[in-house]
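Let us start with two forms of the same protein chain, each given on its own as C-alpha coordinates and named structure 1 and structure 2.
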Structure 1
(Lines of atoms letter the chains of each structure in order from A and count residues from 1; the text may use other names and numbers.)
(Lines give C-alpha, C1' and ligand atoms only; values in the text may rest on other atoms or scores of the structure.)
Protein backbone atom coordinates (compact mmCIF):
# COMPACT_ATOMS: atom_id res chain seq x y z
CA UNK A 1 0.00 0.00 0.00
CA UNK A 2 2.76 2.45 0.86
CA UNK A 3 4.58 1.83 -2.44
CA UNK A 4 1.39 2.26 -4.48
CA UNK A 5 0.50 5.44 -2.65
CA UNK A 6 3.93 6.98 -3.09
CA UNK A 7 3.91 6.64 -6.90
CA UNK A 8 1.11 9.20 -7.53
CA UNK A 9 2.74 11.60 -5.08
CA UNK A 10 6.07 11.30 -6.88
CA UNK A 11 4.33 11.84 -10.21
CA UNK A 12 2.66 15.01 -9.01
CA UNK A 13 5.99 16.42 -7.83
CA UNK A 14 7.46 16.25 -11.34
CA UNK A 15 7.68 19.51 -13.27
CA UNK A 16 4.88 19.49 -15.86
CA UNK A 17 6.80 22.04 -17.95
CA UNK A 18 10.40 20.82 -18.12
CA UNK A 19 13.07 23.23 -19.33
CA UNK A 20 14.05 22.69 -22.96
CA UNK A 21 17.72 23.63 -22.77
CA UNK A 22 18.26 22.84 -26.45
CA UNK A 23 15.64 25.39 -27.49
CA UNK A 24 17.05 28.00 -25.08
CA UNK A 25 20.57 27.53 -26.38
CA UNK A 26 19.24 27.80 -29.91
CA UNK A 27 17.55 31.14 -29.15
CA UNK A 28 20.70 32.45 -27.47
CA UNK A 29 22.78 31.43 -30.48
CA UNK A 30 20.29 33.12 -32.83
CA UNK A 31 20.38 36.40 -30.89
CA UNK A 32 24.18 36.31 -30.70
CA UNK A 33 24.47 35.68 -34.44
CA UNK A 34 22.01 38.53 -35.15
CA UNK A 35 24.25 40.97 -33.27
CA UNK A 36 27.29 39.58 -35.06
CA UNK A 37 25.64 39.97 -38.48
CA UNK A 38 24.55 43.52 -37.60
CA UNK A 39 28.15 44.41 -36.76
CA UNK A 40 29.27 43.16 -40.19
CA UNK A 41 26.76 45.38 -42.00
CA UNK A 42 27.60 48.46 -39.91
CA UNK A 43 24.05 48.83 -38.63
CA UNK A 44 24.53 51.74 -36.26
CA UNK A 45 22.16 54.18 -34.60
CA UNK A 46 23.97 57.12 -36.20
CA UNK A 47 23.28 55.80 -39.70
CA UNK A 48 19.64 55.27 -38.77
CA UNK A 49 19.29 58.89 -37.59
CA UNK A 50 20.98 60.20 -40.75
CA UNK A 51 18.68 58.00 -42.80
CA UNK A 52 15.61 59.49 -41.12
CA UNK A 53 16.83 62.98 -41.96
CA UNK A 54 17.50 62.07 -45.59
CA UNK A 55 14.13 60.35 -45.80
CA UNK A 56 12.35 63.45 -44.51
CA UNK A 57 14.08 65.58 -47.15
CA UNK A 58 13.16 63.06 -49.86
CA UNK A 59 9.50 63.04 -48.82
CA UNK A 60 9.56 66.84 -48.79
CA UNK A 61 10.67 66.82 -52.43
CA UNK A 62 7.78 64.48 -53.29
CA UNK A 63 5.12 66.82 -51.91
CA UNK A 64 2.76 67.90 -53.28
CA UNK A 65 2.06 65.16 -55.86
CA UNK A 66 2.10 66.22 -59.49
CA UNK A 67 -1.46 66.17 -60.84
CA UNK A 68 -0.42 66.07 -64.45
CA UNK A 69 0.90 63.70 -67.11
CA UNK A 70 -2.35 61.73 -66.94
CA UNK A 71 -1.82 60.26 -70.40
CA UNK A 72 1.52 58.75 -69.42
CA UNK A 73 0.15 57.61 -66.07
CA UNK A 74 -2.99 55.98 -67.45
CA UNK A 75 -1.01 54.23 -70.18
CA UNK A 76 1.36 52.70 -67.65
CA UNK A 77 -1.43 51.60 -65.30
CA UNK A 78 -3.45 50.07 -68.13
CA UNK A 79 -0.41 48.21 -69.40
CA UNK A 80 0.33 46.83 -65.91
CA UNK A 81 -3.27 45.70 -65.57
CA UNK A 82 -3.15 43.99 -68.95
CA UNK A 83 0.16 42.31 -68.09
CA UNK A 84 -1.26 41.01 -64.81
CA UNK A 85 -4.46 39.65 -66.34
CA UNK A 86 -2.75 37.98 -69.31
CA UNK A 87 -0.06 36.43 -67.12
CA UNK A 88 -2.63 35.18 -64.59
CA UNK A 89 -4.92 33.62 -67.22
CA UNK A 90 -2.11 31.84 -69.04
CA UNK A 91 -0.30 30.91 -65.84
CA UNK A 92 -3.42 29.42 -64.24
CA UNK A 93 -4.30 27.51 -67.44
CA UNK A 94 -0.81 25.97 -67.56
CA UNK A 95 -0.64 25.37 -63.80
CA UNK A 96 -3.86 23.31 -63.68
CA UNK A 97 -2.53 20.22 -65.52
CA UNK A 98 0.89 20.61 -63.88
CA UNK A 99 -0.70 20.67 -60.42
CA UNK A 100 -2.78 17.62 -61.30
CA UNK A 101 0.31 15.72 -62.42
CA UNK A 102 2.04 16.66 -59.15
CA UNK A 103 -0.75 15.27 -56.94
CA UNK A 104 0.67 12.15 -55.29
CA UNK A 105 -2.72 10.66 -54.43
CA UNK A 106 -3.79 10.53 -58.09
CA UNK A 107 -0.54 10.08 -60.01
CA UNK A 108 2.32 7.57 -59.77
CA UNK A 109 5.67 8.58 -58.33
CA UNK A 110 7.44 8.56 -61.70
CA UNK A 111 5.07 11.34 -62.80
CA UNK A 112 4.88 13.41 -59.62
CA UNK A 113 8.61 13.69 -58.90
CA UNK A 114 9.65 15.30 -62.23
CA UNK A 115 6.57 17.55 -62.11
CA UNK A 116 7.37 18.70 -58.60
CA UNK A 117 10.92 19.39 -59.74
CA UNK A 118 9.53 21.65 -62.47
CA UNK A 119 7.36 23.47 -59.92
CA UNK A 120 10.33 23.93 -57.60
CA UNK A 121 12.37 25.35 -60.48
CA UNK A 122 9.63 27.89 -61.27
CA UNK A 123 9.56 28.91 -57.60
CA UNK A 124 13.32 29.14 -57.20
CA UNK A 125 13.78 32.66 -58.55
CA UNK A 126 12.11 35.97 -57.81
CA UNK A 127 10.01 37.39 -60.69
CA UNK A 128 12.47 40.27 -61.03
CA UNK A 129 15.32 37.85 -61.76
CA UNK A 130 13.18 35.95 -64.26
CA UNK A 131 12.15 39.26 -65.85
CA UNK A 132 15.81 40.23 -66.32
CA UNK A 133 16.43 36.93 -68.13
CA UNK A 134 13.42 37.43 -70.41
CA UNK A 135 14.39 41.05 -71.10
CA UNK A 136 17.75 39.75 -72.31
CA UNK A 137 15.96 37.11 -74.39
CA UNK A 138 13.03 38.99 -75.97
CA UNK A 139 13.96 42.63 -75.33
CA UNK A 140 12.33 45.41 -73.35
CA UNK A 141 8.57 45.62 -73.18
CA UNK A 142 5.43 43.96 -71.88
CA UNK A 143 6.25 40.54 -73.35
CA UNK A 144 9.17 40.05 -70.96
CA UNK A 145 7.00 41.03 -68.00
CA UNK A 146 4.19 38.71 -69.05
CA UNK A 147 6.53 35.74 -69.46
CA UNK A 148 8.16 36.39 -66.09
CA UNK A 149 4.80 36.55 -64.29
CA UNK A 150 3.61 33.42 -66.09
CA UNK A 151 6.55 31.52 -64.62
CA UNK A 152 5.78 32.90 -61.17
CA UNK A 153 2.09 32.01 -61.51
CA UNK A 154 2.90 28.44 -62.53
CA UNK A 155 5.17 27.94 -59.55
CA UNK A 156 2.61 29.27 -57.05
CA UNK A 157 -0.67 27.95 -58.44
CA UNK A 158 0.61 24.50 -59.41
CA UNK A 159 2.05 23.88 -55.94
CA UNK A 160 -1.10 24.95 -54.09
CA UNK A 161 -3.36 23.15 -56.54
CA UNK A 162 -1.42 19.91 -56.06
CA UNK A 163 -1.63 20.26 -52.28
CA UNK A 164 -5.37 20.95 -52.49
CA UNK A 165 -5.89 17.77 -54.53
CA UNK A 166 -3.85 15.74 -52.06
CA UNK A 167 -6.15 16.90 -49.24
CA UNK A 168 -9.41 15.77 -50.87
CA UNK A 169 -11.49 12.87 -49.58
CA UNK A 170 -10.75 9.77 -51.63
CA UNK A 171 -14.11 8.25 -50.73
CA UNK A 172 -15.80 10.31 -53.43
CA UNK A 173 -13.11 9.32 -55.91
CA UNK A 174 -13.59 5.64 -55.12
CA UNK A 175 -17.37 5.97 -55.36
CA UNK A 176 -17.19 7.50 -58.83
CA UNK A 177 -14.64 4.92 -59.93
CA UNK A 178 -16.95 2.16 -58.74
CA UNK A 179 -19.52 3.27 -61.33
CA UNK A 180 -17.03 2.50 -64.09
CA UNK A 181 -16.27 6.14 -64.87
CA UNK A 182 -13.06 7.04 -66.65
CA UNK A 183 -10.27 9.22 -65.30
CA UNK A 184 -11.70 12.39 -66.84
CA UNK A 185 -15.11 11.81 -65.30
CA UNK A 186 -13.48 11.13 -61.93
CA UNK A 187 -11.77 14.51 -62.11
CA UNK A 188 -15.00 16.29 -63.05
CA UNK A 189 -17.38 14.53 -60.65
CA UNK A 190 -15.15 13.73 -57.65
CA UNK A 191 -12.10 16.01 -57.63
CA UNK A 192 -13.34 19.28 -59.10
CA UNK A 193 -16.22 19.87 -56.63
CA UNK A 194 -13.84 19.49 -53.68
CA UNK A 195 -11.15 21.89 -54.93
CA UNK A 196 -13.06 24.47 -56.99
CA UNK A 197 -13.58 27.03 -54.21
CA UNK A 198 -9.94 26.85 -53.10
CA UNK A 199 -8.72 27.01 -56.67
CA UNK A 200 -10.73 30.20 -57.27
CA UNK A 201 -9.15 31.66 -54.13
CA UNK A 202 -5.66 30.71 -55.32
CA UNK A 203 -6.27 32.30 -58.72
CA UNK A 204 -7.60 35.58 -57.34
CA UNK A 205 -4.68 35.79 -54.92
CA UNK A 206 -2.27 35.22 -57.80
CA UNK A 207 -3.93 38.06 -59.71
CA UNK A 208 -3.30 40.33 -56.71
CA UNK A 209 0.30 39.16 -56.59
CA UNK A 210 0.78 39.76 -60.31
CA UNK A 211 -0.60 43.29 -59.94
CA UNK A 212 2.13 44.01 -57.39
CA UNK A 213 4.86 42.16 -59.25
CA UNK A 214 4.02 43.90 -62.54
CA UNK A 215 5.44 47.06 -60.99
CA UNK A 216 8.70 45.38 -60.02
CA UNK A 217 9.26 43.62 -63.36
CA UNK A 218 8.57 46.93 -65.08
CA UNK A 219 11.48 48.54 -63.24
CA UNK A 220 13.90 46.12 -64.94
CA UNK A 221 12.34 46.60 -68.39
CA UNK A 222 9.20 44.44 -68.28
CA UNK A 223 6.81 47.24 -69.24
CA UNK A 224 3.87 48.68 -67.34
CA UNK A 225 3.80 51.35 -64.67
CA UNK A 226 7.13 50.13 -63.30
CA UNK A 227 8.91 51.49 -66.35
CA UNK A 228 7.18 54.83 -65.86
CA UNK A 229 8.18 54.84 -62.20
CA UNK A 230 11.81 54.06 -63.00
CA UNK A 231 11.93 56.82 -65.63
CA UNK A 232 10.49 59.32 -63.13
CA UNK A 233 13.20 58.38 -60.61
CA UNK A 234 15.91 58.85 -63.23
CA UNK A 235 14.58 62.32 -64.07
CA UNK A 236 14.28 63.28 -60.38
CA UNK A 237 10.56 63.92 -60.87
CA UNK A 238 9.81 62.97 -57.28
CA UNK A 239 6.42 64.70 -57.25
CA UNK A 240 5.39 62.52 -60.20
CA UNK A 241 6.84 59.49 -58.37
CA UNK A 242 4.44 60.14 -55.49
CA UNK A 243 1.54 60.33 -57.93
CA UNK A 244 2.55 56.99 -59.44
CA UNK A 245 2.87 55.38 -56.01
CA UNK A 246 -0.60 56.62 -55.00
CA UNK A 247 -2.07 55.20 -58.21
CA UNK A 248 -0.32 51.85 -57.68
CA UNK A 249 -1.68 51.59 -54.13
CA UNK A 250 -5.16 52.47 -55.36
CA UNK A 251 -4.99 49.88 -58.13
CA UNK A 252 -3.90 47.13 -55.74
CA UNK A 253 -6.59 48.03 -53.21
CA UNK A 254 -9.27 47.93 -55.90
CA UNK A 255 -7.94 44.56 -57.05
CA UNK A 256 -8.11 43.27 -53.48
CA UNK A 257 -11.75 44.35 -53.18
CA UNK A 258 -12.69 42.71 -56.49
CA UNK A 259 -10.88 39.48 -55.60
CA UNK A 260 -12.73 39.41 -52.27
CA UNK A 261 -16.05 39.64 -54.09
CA UNK A 262 -15.03 36.80 -56.40
CA UNK A 263 -14.01 34.55 -53.49
CA UNK A 264 -17.31 35.18 -51.69
CA UNK A 265 -19.26 34.37 -54.84
CA UNK A 266 -17.73 30.88 -55.05
CA UNK A 267 -17.80 30.01 -51.34
Structure 2
Protein backbone atom coordinates (compact mmCIF):
# COMPACT_ATOMS: atom_id res chain seq x y z
CA UNK A 1 0.00 0.00 0.00
CA UNK A 2 2.79 2.40 0.95
CA UNK A 3 4.57 1.79 -2.37
CA UNK A 4 1.36 2.49 -4.26
CA UNK A 5 0.98 5.80 -2.42
CA UNK A 6 4.53 6.93 -3.15
CA UNK A 7 4.37 5.77 -6.77
CA UNK A 8 0.89 6.40 -8.17
CA UNK A 9 1.94 4.91 -11.55
CA UNK A 10 2.18 1.46 -9.99
CA UNK A 11 -1.46 1.56 -8.93
CA UNK A 12 -2.66 1.62 -12.54
CA UNK A 13 -0.69 -1.47 -13.42
CA UNK A 14 -2.93 -4.43 -14.09
CA UNK A 15 -2.82 -7.61 -12.10
CA UNK A 16 -1.11 -10.11 -14.44
CA UNK A 17 -3.20 -12.92 -13.02
CA UNK A 18 -6.76 -11.53 -12.73
CA UNK A 19 -9.27 -13.66 -10.87
CA UNK A 20 -11.57 -15.43 -13.29
CA UNK A 21 -14.85 -15.71 -11.35
CA UNK A 22 -16.61 -17.60 -14.14
CA UNK A 23 -13.95 -20.32 -14.07
CA UNK A 24 -14.10 -20.50 -10.27
CA UNK A 25 -17.87 -20.89 -10.42
CA UNK A 26 -17.41 -23.68 -12.96
CA UNK A 27 -14.97 -25.50 -10.68
CA UNK A 28 -17.35 -25.17 -7.72
CA UNK A 29 -20.19 -26.55 -9.83
CA UNK A 30 -18.03 -29.48 -10.93
CA UNK A 31 -17.08 -30.31 -7.33
CA UNK A 32 -20.70 -29.98 -6.19
CA UNK A 33 -21.84 -32.27 -9.00
CA UNK A 34 -19.18 -34.84 -8.10
CA UNK A 35 -20.35 -34.97 -4.49
CA UNK A 36 -23.98 -35.20 -5.58
CA UNK A 37 -23.24 -38.04 -8.01
CA UNK A 38 -21.07 -39.84 -5.46
CA UNK A 39 -23.92 -39.65 -2.95
CA UNK A 40 -26.22 -41.26 -5.53
CA UNK A 41 -23.92 -44.26 -5.71
CA UNK A 42 -23.73 -44.40 -1.90
CA UNK A 43 -20.01 -43.88 -2.07
CA UNK A 44 -19.42 -43.52 1.64
CA UNK A 45 -16.24 -43.94 3.66
CA UNK A 46 -17.70 -46.99 5.38
CA UNK A 47 -18.45 -48.68 2.09
CA UNK A 48 -15.00 -47.79 0.85
CA UNK A 49 -13.38 -49.50 3.84
CA UNK A 50 -15.58 -52.58 3.41
CA UNK A 51 -14.64 -52.52 -0.28
CA UNK A 52 -10.94 -52.41 0.54
CA UNK A 53 -11.40 -55.36 2.82
CA UNK A 54 -13.23 -57.24 0.06
CA UNK A 55 -10.52 -56.22 -2.38
CA UNK A 56 -7.82 -57.69 -0.16
CA UNK A 57 -9.77 -60.95 0.10
CA UNK A 58 -10.32 -60.88 -3.65
CA UNK A 59 -6.63 -60.48 -4.40
CA UNK A 60 -5.86 -63.17 -1.84
CA UNK A 61 -8.10 -65.59 -3.71
CA UNK A 62 -6.53 -64.65 -7.04
CA UNK A 63 -3.03 -65.54 -5.90
CA UNK A 64 -1.37 -67.71 -6.92
CA UNK A 65 -2.68 -67.83 -10.51
CA UNK A 66 -4.03 -71.24 -11.48
CA UNK A 67 -1.62 -73.02 -13.78
CA UNK A 68 -3.54 -75.64 -15.64
CA UNK A 69 -6.54 -75.82 -17.96
CA UNK A 70 -4.09 -74.86 -20.72
CA UNK A 71 -6.36 -76.54 -23.32
CA UNK A 72 -9.28 -74.29 -22.48
CA UNK A 73 -7.07 -71.23 -22.29
CA UNK A 74 -5.16 -71.72 -25.54
CA UNK A 75 -8.34 -72.62 -27.42
CA UNK A 76 -10.03 -69.42 -26.27
CA UNK A 77 -7.04 -67.18 -26.95
CA UNK A 78 -6.53 -68.68 -30.41
CA UNK A 79 -10.19 -68.18 -31.24
CA UNK A 80 -9.98 -64.54 -30.13
CA UNK A 81 -6.93 -64.06 -32.35
CA UNK A 82 -8.68 -65.66 -35.31
CA UNK A 83 -11.78 -63.55 -34.79
CA UNK A 84 -9.73 -60.36 -34.74
CA UNK A 85 -7.70 -61.24 -37.86
CA UNK A 86 -10.72 -62.22 -39.97
CA UNK A 87 -12.76 -59.26 -38.74
CA UNK A 88 -9.94 -56.81 -39.48
CA UNK A 89 -9.31 -58.10 -43.01
CA UNK A 90 -12.98 -58.13 -43.99
CA UNK A 91 -13.65 -54.89 -42.10
CA UNK A 92 -10.82 -53.06 -43.87
CA UNK A 93 -11.83 -54.49 -47.25
CA UNK A 94 -15.41 -53.26 -46.77
CA UNK A 95 -14.35 -49.97 -45.18
CA UNK A 96 -12.13 -48.93 -48.10
CA UNK A 97 -14.91 -48.37 -50.67
CA UNK A 98 -17.14 -46.89 -47.95
CA UNK A 99 -14.39 -44.49 -46.90
CA UNK A 100 -13.88 -43.49 -50.53
CA UNK A 101 -17.61 -42.81 -50.89
CA UNK A 102 -17.48 -40.60 -47.79
CA UNK A 103 -14.51 -38.49 -48.99
CA UNK A 104 -15.91 -35.08 -49.78
CA UNK A 105 -13.16 -34.03 -52.18
CA UNK A 106 -13.77 -36.90 -54.61
CA UNK A 107 -17.49 -37.58 -54.22
CA UNK A 108 -20.61 -35.43 -54.59
CA UNK A 109 -22.53 -34.42 -51.45
CA UNK A 110 -25.52 -36.69 -52.15
CA UNK A 111 -23.17 -39.67 -51.88
CA UNK A 112 -21.12 -38.55 -48.89
CA UNK A 113 -23.98 -37.66 -46.55
CA UNK A 114 -25.78 -41.03 -46.48
CA UNK A 115 -22.40 -42.80 -46.29
CA UNK A 116 -21.37 -40.65 -43.33
CA UNK A 117 -24.65 -41.50 -41.62
CA UNK A 118 -23.96 -45.20 -42.11
CA UNK A 119 -20.45 -44.81 -40.65
CA UNK A 120 -21.79 -42.89 -37.64
CA UNK A 121 -24.34 -45.64 -37.03
CA UNK A 122 -21.66 -48.35 -37.11
CA UNK A 123 -19.65 -46.37 -34.57
CA UNK A 124 -22.39 -45.50 -32.12
CA UNK A 125 -22.82 -48.95 -30.56
CA UNK A 126 -20.21 -50.70 -28.49
CA UNK A 127 -19.02 -53.92 -30.24
CA UNK A 128 -20.39 -56.00 -27.38
CA UNK A 129 -23.91 -54.64 -27.97
CA UNK A 130 -23.61 -55.31 -31.71
CA UNK A 131 -22.43 -58.81 -30.80
CA UNK A 132 -25.69 -59.41 -28.87
CA UNK A 133 -27.69 -58.75 -32.03
CA UNK A 134 -25.47 -60.98 -34.14
CA UNK A 135 -25.66 -63.78 -31.58
CA UNK A 136 -29.42 -63.71 -32.09
CA UNK A 137 -29.01 -63.54 -35.90
CA UNK A 138 -26.30 -66.15 -36.51
CA UNK A 139 -26.21 -68.06 -33.24
CA UNK A 140 -23.58 -68.50 -30.54
CA UNK A 141 -19.97 -68.75 -31.61
CA UNK A 142 -17.13 -67.07 -33.40
CA UNK A 143 -19.20 -65.94 -36.38
CA UNK A 144 -21.25 -63.51 -34.25
CA UNK A 145 -18.06 -62.04 -32.82
CA UNK A 146 -16.51 -61.68 -36.27
CA UNK A 147 -19.57 -59.86 -37.63
CA UNK A 148 -19.78 -57.53 -34.63
CA UNK A 149 -16.12 -56.58 -35.02
CA UNK A 150 -16.55 -56.08 -38.77
CA UNK A 151 -19.23 -53.49 -37.99
CA UNK A 152 -16.94 -51.81 -35.44
CA UNK A 153 -14.04 -51.81 -37.93
CA UNK A 154 -16.18 -50.19 -40.61
CA UNK A 155 -17.28 -47.45 -38.24
CA UNK A 156 -13.74 -46.60 -37.21
CA UNK A 157 -11.67 -47.22 -40.35
CA UNK A 158 -14.06 -45.82 -42.95
CA UNK A 159 -14.10 -42.53 -41.03
CA UNK A 160 -10.30 -42.34 -40.86
CA UNK A 161 -9.97 -43.43 -44.52
CA UNK A 162 -12.33 -40.68 -45.58
CA UNK A 163 -10.33 -38.12 -43.59
CA UNK A 164 -7.03 -39.36 -45.04
CA UNK A 165 -8.39 -39.12 -48.58
CA UNK A 166 -9.71 -35.63 -47.90
CA UNK A 167 -6.22 -34.52 -46.88
CA UNK A 168 -4.42 -35.64 -50.07
CA UNK A 169 -2.83 -33.18 -52.45
CA UNK A 170 -5.12 -32.69 -55.44
CA UNK A 171 -2.22 -31.73 -57.73
CA UNK A 172 -1.38 -35.35 -58.38
CA UNK A 173 -5.02 -36.15 -59.00
CA UNK A 174 -5.17 -33.36 -61.58
CA UNK A 175 -1.91 -34.47 -63.19
CA UNK A 176 -3.18 -38.02 -63.63
CA UNK A 177 -6.56 -36.78 -64.86
CA UNK A 178 -4.78 -34.56 -67.42
CA UNK A 179 -3.30 -37.66 -69.02
CA UNK A 180 -6.86 -38.79 -69.76
CA UNK A 181 -6.95 -41.46 -67.07
CA UNK A 182 -10.29 -42.87 -65.96
CA UNK A 183 -11.56 -42.83 -62.38
CA UNK A 184 -10.02 -46.20 -61.55
CA UNK A 185 -6.60 -45.10 -62.75
CA UNK A 186 -6.87 -41.86 -60.78
CA UNK A 187 -7.51 -43.92 -57.66
CA UNK A 188 -4.62 -46.30 -58.28
CA UNK A 189 -2.04 -43.80 -59.52
CA UNK A 190 -2.89 -40.58 -57.68
CA UNK A 191 -4.81 -41.43 -54.50
CA UNK A 192 -3.40 -44.79 -53.42
CA UNK A 193 0.32 -43.79 -53.24
CA UNK A 194 -0.55 -40.85 -51.03
CA UNK A 195 -2.65 -42.75 -48.53
CA UNK A 196 -1.29 -46.32 -48.45
CA UNK A 197 1.07 -45.80 -45.50
CA UNK A 198 -1.71 -44.24 -43.42
CA UNK A 199 -4.16 -46.98 -44.42
CA UNK A 200 -1.73 -49.61 -43.18
CA UNK A 201 -1.33 -47.61 -39.96
CA UNK A 202 -5.11 -47.42 -39.38
CA UNK A 203 -5.49 -51.10 -40.18
CA UNK A 204 -2.90 -52.14 -37.62
CA UNK A 205 -4.54 -49.88 -35.02
CA UNK A 206 -7.83 -51.55 -35.83
CA UNK A 207 -6.23 -54.97 -35.47
CA UNK A 208 -5.11 -53.95 -31.97
CA UNK A 209 -8.55 -52.65 -31.13
CA UNK A 210 -10.25 -55.77 -32.54
CA UNK A 211 -7.89 -57.98 -30.57
CA UNK A 212 -8.95 -56.18 -27.39
CA UNK A 213 -12.64 -56.44 -28.19
CA UNK A 214 -12.42 -60.05 -29.42
CA UNK A 215 -11.51 -61.01 -25.88
CA UNK A 216 -14.76 -59.37 -24.71
CA UNK A 217 -17.45 -60.41 -27.21
CA UNK A 218 -17.44 -63.85 -25.58
CA UNK A 219 -19.25 -62.37 -22.56
CA UNK A 220 -22.45 -62.25 -24.62
CA UNK A 221 -21.73 -65.47 -26.55
CA UNK A 222 -19.69 -64.17 -29.46
CA UNK A 223 -16.80 -66.64 -29.17
CA UNK A 224 -13.24 -66.31 -27.97
CA UNK A 225 -11.70 -66.19 -24.51
CA UNK A 226 -14.39 -63.86 -23.11
CA UNK A 227 -16.83 -66.66 -22.36
CA UNK A 228 -14.14 -68.56 -20.43
CA UNK A 229 -13.33 -65.40 -18.46
CA UNK A 230 -16.97 -64.66 -17.65
CA UNK A 231 -17.63 -68.25 -16.58
CA UNK A 232 -14.56 -68.20 -14.32
CA UNK A 233 -15.88 -65.01 -12.69
CA UNK A 234 -19.33 -66.47 -12.15
CA UNK A 235 -17.87 -69.62 -10.61
CA UNK A 236 -15.61 -67.51 -8.35
CA UNK A 237 -12.51 -69.24 -9.79
CA UNK A 238 -10.54 -66.06 -9.20
CA UNK A 239 -7.17 -67.78 -9.52
CA UNK A 240 -8.10 -68.87 -13.04
CA UNK A 241 -9.40 -65.35 -13.72
CA UNK A 242 -5.93 -63.99 -12.97
CA UNK A 243 -4.32 -66.49 -15.35
CA UNK A 244 -6.75 -65.54 -18.12
CA UNK A 245 -6.19 -61.82 -17.53
CA UNK A 246 -2.40 -62.20 -17.64
CA UNK A 247 -2.69 -64.14 -20.91
CA UNK A 248 -5.07 -61.57 -22.46
CA UNK A 249 -2.84 -58.65 -21.47
CA UNK A 250 0.29 -60.37 -22.79
CA UNK A 251 -1.46 -61.16 -26.07
CA UNK A 252 -2.60 -57.54 -26.46
CA UNK A 253 0.88 -56.20 -25.67
CA UNK A 254 2.56 -58.56 -28.15
CA UNK A 255 -0.03 -57.44 -30.71
CA UNK A 256 0.85 -53.80 -30.05
CA UNK A 257 4.57 -54.45 -30.47
CA UNK A 258 4.04 -56.32 -33.76
CA UNK A 259 1.75 -53.65 -35.17
CA UNK A 260 4.33 -51.04 -34.13
CA UNK A 261 6.91 -52.88 -36.26
CA UNK A 262 4.55 -53.02 -39.21
CA UNK A 263 3.82 -49.29 -38.98
CA UNK A 264 7.54 -48.55 -38.90
CA UNK A 265 8.20 -50.76 -41.93
CA UNK A 266 5.56 -48.93 -43.96
CA UNK A 267 6.45 -45.38 -43.04
Partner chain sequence: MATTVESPGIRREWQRFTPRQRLIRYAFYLVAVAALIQSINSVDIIPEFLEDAPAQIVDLFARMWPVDWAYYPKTVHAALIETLHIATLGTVLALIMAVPVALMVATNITRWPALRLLGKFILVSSRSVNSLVWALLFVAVFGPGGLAGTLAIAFRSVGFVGKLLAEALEEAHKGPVEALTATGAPWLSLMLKAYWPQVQPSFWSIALFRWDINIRESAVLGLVGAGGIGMALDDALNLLYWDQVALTLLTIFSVVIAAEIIVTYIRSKII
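Just so we're clear, the structure is a prediction, and the values are computed from it rather than from any experiment. Only the largest set of C-alpha atoms that superpose within 1.5 Å between the two forms is called the rigid core. Numbering follows the first chain given and starts at 1.
Note on provenance: structure 1 matches the form predicted alone. Of the two rigid parts that shift between the two structures, one contains both residue 173 and residue 156. Superposing C-alpha atoms between the two structures shows the smaller rigid body rotated by 12° with respect to the larger one. Relative to the superposed core, residue 24 has its Cα moved 5.9 Å between the two structures.
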